[in-house]
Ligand SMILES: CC(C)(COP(=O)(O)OP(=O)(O)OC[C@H]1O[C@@H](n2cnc3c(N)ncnc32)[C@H](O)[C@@H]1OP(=O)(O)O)[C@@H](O)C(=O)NCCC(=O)NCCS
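Single chain ahead, written as structure tokens, the form predicted alone.
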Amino acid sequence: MEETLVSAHHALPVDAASAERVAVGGLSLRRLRGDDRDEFTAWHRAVARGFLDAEPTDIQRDAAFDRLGYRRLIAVLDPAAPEPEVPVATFASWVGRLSVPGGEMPSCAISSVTVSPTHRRRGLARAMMEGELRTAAAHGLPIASLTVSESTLYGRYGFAPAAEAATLRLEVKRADWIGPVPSGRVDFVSRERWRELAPELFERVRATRAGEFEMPDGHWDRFAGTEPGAERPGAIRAVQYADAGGDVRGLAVYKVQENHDDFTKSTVEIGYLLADGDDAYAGLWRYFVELDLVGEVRASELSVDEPLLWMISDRRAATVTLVDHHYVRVLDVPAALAARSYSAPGRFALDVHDPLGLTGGRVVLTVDARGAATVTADADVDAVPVRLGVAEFSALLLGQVSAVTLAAAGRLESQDPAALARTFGWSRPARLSYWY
């Protein structure tokens, strides 16, 4: 991904139509410079309020200022407010690499979307979102993506859940290990060493898993507790898995909550588990399943098809909850189609409707026996016709959501949705292993 794409997006002006829309209510839509500490402090306070967090401490504020410089920061300001420097609405975005089946593509990642309860129902979220989507599309970004606090918020803008996440609660005393015996070893490492190893290992894994997004550096410090102002970092334990040749192929961080009523029923909360290969996966999970003095292991942002469930003696020892997690919104239909590989050959005339007018229209997708795509605008009577909205198209893109399911739900029209499902499906469900 070209550096110019990243830096240019950061400095683009705000959307003129959105700025005009906000100004009607006496407010101002601005892009913050990003290098002004006072300006950032006010923006950071507004974000904390929006997500019901405590007021940031000076250490947390300074740490955030140092690590969030890669983000494009948007603010809506109210000059009549008692604190006019504190935004009444916030928005952040940046350009990163999104893994898709068989490849990757640049995406406009979105986060920190808040509106103050004092200024709700004024169209501020819509003005920011639609304006920033127009800006990203005009800049040549083919897709936008985000994780959500509420599932009802972003469908109106063409986003759709494309990768679900699983939360796991495992009663380990019921779950004997029946999985493979790994050939390597698990060892404790310092949190600093874990932080050093994680980024490279993640990139190896990300390349093989649709739905994963390039990890911002600050997230690694949050997982490892190495960021300034981290709360109780000493409670975080870090382990690595090294294969028989000594290469580190797996990493995990976790916390233990002791049960003072019964010391054999402590709870382990896995903060992040990263495995490059089946052996590393088995080695790390066996470690957690067989921990002494532990009654329950919890983990979140897992895949919907975790092999762990086939590695324990009692499937009902595991309680799995699925939730919508990674939402995507296609901004350029032909570019998105061309970026990924496919599981079966096919020829489809896709008629995509975009209510915001950012993309859409009719394109013909031809997939050969190797799974490679050709995208044209030609009319073709031999192609299977498909009519769908941009949200439904976005849901299909990562391969986890089936066209058959969307057709049954009345969200897609096709005479042969099964053929579309075979072509767009993928061997592993999409996954995003963290929030952003």
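Start at 1 and count along the sequence shown; that's the residue number. Computed from a prediction, not measured in an experiment: that's the story for all the values here.
Keep in mind that the form predicted together with the ligand is not shown, yet the notes after this line are about it.
- Exactly one listed residue, out of 125, 141, 358, 268, brings a non-hydrogen atom to within 4.5 Å of the ligand in the model of the complex: 125.
- Of the residues given (185, 120, 173, 193), 120 alone sits with a heavy atom within 4.5 Å of the ligand in the model of the complex.
- Residue contact with the ligand in the model of the complex: residue 208 places no heavy atom within 4.5 Å of it.
- A residue is said to contact a partner when one of its heavy atoms sits within 4.5 Å of a partner heavy atom; residue 153 meets this definition for the ligand in the model of the complex.
- Contact between residue 337 and the ligand in the model of the complex is not found at the 4.5 Å heavy atom cutoff.
- Remark: residue 149 counts among the residues lining the ligand in the model of the complex, judged by a heavy atom distance of 4.5 Å or less.
- The chain is drawn here without the ligand; in the model of the complex, the stretch among 224 to 232, 320 to 328, 287 to 295, 109 to 117 whose residues come within 4.5 Å of it by any heavy atom is 109 to 117.
- Looking at 28 to 58, the residues that come within 4.5 Å of the ligand in the model of the complex, counting any heavy atom, are 50, 51.
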